[in-house]
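Have a look below at one chain only, the form predicted alone, in structure tokens format.
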Amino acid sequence: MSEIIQIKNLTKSYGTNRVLNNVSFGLEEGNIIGLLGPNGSGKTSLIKILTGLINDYKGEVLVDGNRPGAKSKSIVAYLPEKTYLANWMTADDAIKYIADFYDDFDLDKAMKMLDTFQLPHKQKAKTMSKGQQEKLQLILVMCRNAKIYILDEPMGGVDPAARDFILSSIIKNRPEGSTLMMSTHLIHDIEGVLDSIIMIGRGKLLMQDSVANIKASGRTVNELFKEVFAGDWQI
């Protein structure tokens, strides 16, 4: 399999605070990857670099052979951690807006998913719960026929009972052969669908491995995460 994302010697700082320090790795096309690390580890900065939202960094970043920009954005569907919906937008408004913006958006599929997710078509975003807003944003992402999906905490605002439904919706609506990266703290909930993991801590790449190799060692991804980051929580 070829590497659809290639990162070499990536360094990013905010003033004197270096959040990514000489990070290098590649991601194979078609895989489901877990991007794991504690708060402040540099995950969101990495995601924003991959999606072209941050461009003042050092090192080389290639997304399907191109530097993050207009061309890469056309093949990358991005779900941010924070809600970005305008207060005045209804679910129908948001869907039609994205459909006009992206040629690869499936409008009919999105409308059907609204009903599957039991979201009201005409309710304004400002009156939706955090969970409703996150479900709507997930629809806006997963109804694109993208080559790469990058999701930042896709289940962070939903209750435990809804997590399995959300995860199965992500997997079901991911086009065959596409690459999916998920950043999450809910490792136990997603490790069953992962092909590989990346662990970032203190701005550095601490581990990259396949889930098959981790399981062969007799550990779960969640157990390995606790081992790798044990020192981060010691007082």
Partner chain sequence: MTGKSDKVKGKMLKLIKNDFLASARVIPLFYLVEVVTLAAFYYGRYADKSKVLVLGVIFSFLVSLLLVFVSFFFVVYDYQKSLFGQQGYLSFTLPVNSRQLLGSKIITYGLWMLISFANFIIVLDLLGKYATSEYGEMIDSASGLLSMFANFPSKAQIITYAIYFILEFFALVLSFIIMIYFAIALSHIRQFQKLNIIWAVLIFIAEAIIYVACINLIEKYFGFYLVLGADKSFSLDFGDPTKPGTPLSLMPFTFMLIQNIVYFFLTAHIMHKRVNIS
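Just so you know, these numbers come straight off a predicted model, no measurement behind them. Positions refer to the first chain, counted from 1.
The discussion below concerns the form predicted in complex with the partner chain, not included here.
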Could you spot which one of 119, 162, 111, 89 gets a heavy atom to within 4.5 Å of the partner chain in the model of the complex?
89
If we define contact as a non-hydrogen atom of the residue within 4.5 angstroms of the partner, is residue 207 a contact of the partner chain in the model of the complex?
no
Would residue 60 count as touching the partner chain in the model of the complex under a 4.5 Å heavy atom rule?
no
Residue 105, heavy atom within 4.5 angstroms of the partner chain in the model of the complex
no
Considering non-hydrogen atoms and a 4.5 Å limit, does the partner chain approach residue 149 in the model of the complex?
no
Site test, 187, 195 and 229 vs the partner chain in the model of the complex, non-hydrogen atom cutoff 4.5 Å
no
